[in-house]
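Read the single chain below, which is given as structure tokens and is the form predicted alone.
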């Protein structure tokens, strides 16, 4: 049972059936997405924005042989839907044949995954304001100012095609993030989940407050290579780049992945294991991809050895394999979207005690890929960067710019945290790395 904001399974699939009946193509695919998003933003201890948005998108692909046309509409009346089908068909007839087109998938049994939480769907602006009040009260205890956002989202995805695929899923999402600022320091924390009741605003606020308190009076430390302890927020950033850059079967096939010709080799530290699992409730589970293919767990790296890749329907068919449920990104090819990293045995305190002179990083900011084949990433530290000396945190430091390879990070790490936490769609522990390259220093 979904909330009143969404179409619901029966209405969504009926709409897909109708569009496929109207299509003149040899093959037709329909992807329907709807969502209702509500957001409360706050800054300097005051709510300054409260907004809500609903949206519907229907994308129709009409295929004649290997000629493909696509059209999208956000109007759900019959005239608009028929126009989308007609536009897609007209576009297809004008296209040259796409010789790489491998057809559309056939239906498969879909796993039963509950992604919809009524309490999240019904969470009101008043509820969000009460949560923000908790955050602000924690900030005021130390004379700090809290800024951030609390959002909830109810969404549905339906996929169908003329070969019989009919897939539907409703989901909810909630996220709270805050930056505490005071004096000359800042601290950050966040929490997210499908169930809004899992988010504890006071706990999130206290983490950010304590970071801000520690971050006072930062000193400038010269750039260079340092031992580094990366908290889960920072690890998640690097792991996402690693997954997207390397573990797509299409990227490997086209030679734009560092894994080209290296699958089966030991490329990482033996303590490092990574997999993709769209069904694990510790992340953000979803039963199928944008092609209506069921999600499958894929072991990407096991004990340092590169083991597997993610596939969409076309890439899998070319290689005589089965799609792993990572399709629908079109030109990007299949992309890992639900990454997990295996835990280790260390606590964060043990990692700090094992560090002679290094840097503790809360999170990264404004990261970008500098070199895909080397998975070379550049960005900045933010909201809690600290100097470690002789096994203890001694002072806050001004933020660094870094340029570092995720390949090197995960092949040289020497300690892994024993507790993995959810950071958006990624579930990761903290790690310690003996050498990390900081290339510059900021003024804050």
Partner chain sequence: MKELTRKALDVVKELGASYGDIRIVETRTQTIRTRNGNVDALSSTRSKGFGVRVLYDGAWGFSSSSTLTEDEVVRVAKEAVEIARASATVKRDKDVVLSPVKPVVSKWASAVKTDPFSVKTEDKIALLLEADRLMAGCKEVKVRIGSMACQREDKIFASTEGSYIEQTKIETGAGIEATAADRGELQRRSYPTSFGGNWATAGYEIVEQMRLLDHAERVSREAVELLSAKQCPSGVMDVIIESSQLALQIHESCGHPIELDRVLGQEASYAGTSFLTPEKLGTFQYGSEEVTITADATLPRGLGSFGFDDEGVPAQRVTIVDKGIFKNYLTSRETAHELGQVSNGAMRADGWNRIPIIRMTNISLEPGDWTLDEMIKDTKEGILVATNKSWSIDDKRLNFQFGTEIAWEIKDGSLGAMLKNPTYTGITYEFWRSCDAVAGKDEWELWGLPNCGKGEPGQLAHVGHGASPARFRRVKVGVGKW
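Here the structure is a predicted model, which is why all the values come from computation and not from measurement. Residue numbers count along the first chain shown, from 1.
Not pictured, yet referred to below: the form predicted together with the partner chain.
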property	result
Listed range touching the partner chain, judged in the predicted complex by heavy atoms within 4.5 Å, from 287-295, 166-174, 254-262, 334-342	254-262
Interface membership of residue 407, the partner chain in the predicted complex, 4.5 Å heavy atom rule	no
Contact of residue 368 with the partner chain in the predicted complex (heavy atom, 4.5 Å)	yes
Heavy atom of residue 393 within 4.5 Å of the partner chain in the predicted complex	no
Partner contact for residue 72 in the predicted complex: the partner chain, 4.5 angstroms, heavy atom	yes
Position in contact with the partner chain when the complex is considered in the predicted complex, options 413, 376, 27, 387, heavy atoms within 4.5 Å	376
Contact set, 408-441 vs the partner chain in the predicted complex - heavy atom within 4.5 angstroms	437, 439, 440, 441
